[in-house]
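Only one chain is given next, in C-alpha cells, and it is the form predicted alone.
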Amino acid sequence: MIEIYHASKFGNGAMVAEELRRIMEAKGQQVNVHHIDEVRARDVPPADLYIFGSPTRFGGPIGSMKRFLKKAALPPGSRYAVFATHGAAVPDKKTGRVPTDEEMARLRRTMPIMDEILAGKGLTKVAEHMFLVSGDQMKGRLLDGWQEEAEKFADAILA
C-alpha cells in the first residue's frame, strides 16, 4: 500500500499525485491520494511507502505541509519519497540575467526541509523529484514533459 499526501495550492501537486497514482496502479500497486487538508496528521494509516508533495513558497514547503509532517504519526523505519513543485528559473526583469543553478538551489529548499523532518522521525528516504512550474506567475502550470518526469519518479520509487 502506498499513501500519497500532497499540499497542492493551485492544482499542480494534485496533478502530479494523481499521475503517480495512475502510473503506480498500472504497475500493480495499490495507491491512495490525499490532500493534507482532508486528513488529520495523527490518523495517517500504516503503509509500505509514503509519498509527500509540497509547493514551494519563499524557498521551502508551505507551512501546512511542515505542520502536517511534524504531527504525522509515522512508524519509524517507514520508507518515503518526496516531491516538490518549484518555479522554473526566469530572467531578472531589470537585468535579464537568468539565475545560476547554485542561486536557484538556495530558493529550492522544499525537499531538504521535508527530508529533515522525516529523517528526524526515523524514516528512510527512497527517492525525490522536482517538478518545475512556469515561473512567470504564481499560479503557473507544470512545464511540458512533467508526465514523463512522473514516470521516472515512479520508477525510482519502485526500484
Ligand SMILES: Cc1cc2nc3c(=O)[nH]c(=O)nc-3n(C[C@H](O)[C@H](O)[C@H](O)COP(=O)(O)O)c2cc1C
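Just count from 1 along the sequence shown to find any residue number. Model, not experiment: these values are computed from the prediction.
Unshown form predicted in complex with the ligand; subsequent notes refer to it.
Q: Should Leu49 be classed as touching the ligand in the predicted complex when contacts are defined as heavy atoms within 4.5 Å?
A: Because no heavy atom of Leu49 falls inside 4.5 Å of the ligand in the predicted complex, the answer is no.
Q: Decide whether Leu107 counts as a contact residue for the ligand in the predicted complex under a heavy atom distance cut-off of 4.5 Å.
A: Looking in the predicted complex, residue contacts with the ligand include Leu107, since a heavy atom lies within 4.5 Å.
Q: I'd like to check something about Gly59: if you look in the predicted complex, is any of its heavy atoms closer than or equal to 4.5 Å to a heavy atom of the ligand?
A: Yes.
Q: Can you work out whether Arg79 and the ligand are in contact in the predicted complex, taking contact to mean some heavy atom pair no more than 4.5 Å apart?
A: Arg79: no, not in contact with the ligand in the predicted complex.
Q: What are the residues of 73-88, in order along the chain, with a heavy atom within 4.5 Å of the ligand in the predicted complex?
A: Going through 73-88 in order - heavy atoms within 4.5 Å of the ligand in the predicted complex - the hits are Thr85, His86, Gly87.
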